[in-house]
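Read the single chain below, which is given as structure tokens and is the form predicted alone.
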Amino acid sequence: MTYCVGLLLDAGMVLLSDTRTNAGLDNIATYRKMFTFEDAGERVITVLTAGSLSVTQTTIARLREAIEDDDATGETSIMLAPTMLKVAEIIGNTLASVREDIDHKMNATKVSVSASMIVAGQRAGGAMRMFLVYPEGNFIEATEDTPFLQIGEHKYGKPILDRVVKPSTSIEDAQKAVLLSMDSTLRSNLSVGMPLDLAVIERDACRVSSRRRIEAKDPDFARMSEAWSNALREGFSQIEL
């Protein structure tokens, strides 16, 4: 299992993913789940993945292969697509095709595979957009009413996002929100684990403005986690029945 979250704000986009993949309690590994495709100043696309590792890795590999194809067009390559909507369609179609191929191969074992993705980005002259792509290839989009999307083990980290995240939230506060959302998930579910990948895409930059790998013993993350725990305990003790 995994947990990934993306925020679509007036000032830009903030994205966070964990890196834990497991196939049972005795088979845990670390794999990157955040992938960036960038032509700095022209377009930037970041993809967060959750679900079957074979499905997500094959999907990313096929997207890269399509980009590198000498005959690539706006219908096949996310780096040539005319809009972010078309980018989401290409990724959705690729994900659905890969899932169907692998499902067919796994049919004899009666094991079903699934994966979902968050697709966030902007092209020069276009608006920032963020989509949640389902295993079947269909997708929904983040809006002003719901300016964040989650995939994977999302339930533990959702309450803080519901309470504090708005389109007007600053980039700094948004980073704090996604990290505390992840902290809540880490404390409640062992299938989500460090290290974490954090990325910020500022509005109209069309590139990743900052990225950070947060390791298990990162002192800043540990300090934030402890401060959040103390604030919750203090707030709880002050509430009267």
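From 1 onward, residues are counted along the sequence shown. Please read these numbers as outputs of a predicted model, since none were measured by experiment.
Just so you know, the form predicted together with a further copy of the same chain exists too; it's not on screen, but the next bit is about it.
Chemist: So, D145 and a further copy of the same chain: in the predicted complex, are they within 4.5 Å at any heavy atom pair?
Modeler: D145 lies outside the contact set for a further copy of the same chain.
Chemist: Does S188 reach a further copy of the same chain in the predicted complex if we count a contact as any heavy atom within 4.5 Å?
Modeler: Output for S188 is yes: heavy atoms within 4.5 Å of a further copy of the same chain.
Chemist: Does a further copy of the same chain get within 4.5 angstroms of any non-hydrogen atom of A227 in the predicted complex?
Modeler: A227: contacts a further copy of the same chain in the predicted complex.
Chemist: How about R123 - does it come within 4.5 Å of a further copy of the same chain in the predicted complex, if we only consider non-hydrogen atoms?
Modeler: No, R123 is distant from the partner.
Chemist: For the chain shown here without its partner, which stretch in 37-45, 176-184, 55-63, 201-209 has non-hydrogen atoms within 4.5 angstroms of a further copy of the same chain in the predicted complex?
Modeler: Selected range: 176-184.
Chemist: Of V164, A72, I140, M106, which one comes within 4.5 Å of a further copy of the same chain in the predicted complex, counting heavy atoms only?
Modeler: Among V164, A72, I140, M106, a heavy atom within 4.5 Å of a further copy of the same chain in the predicted complex occurs only for V164.
Chemist: Determine the residues of 207-241 with a heavy atom within 4.5 Å of a further copy of the same chain in the predicted complex and present them in sequence order; the list may be empty.
Modeler: Contacts from 207-241: R223, M224, A227, W228, S229, A231, L232, R233, G235, F236, S237, I239, E240, L241.
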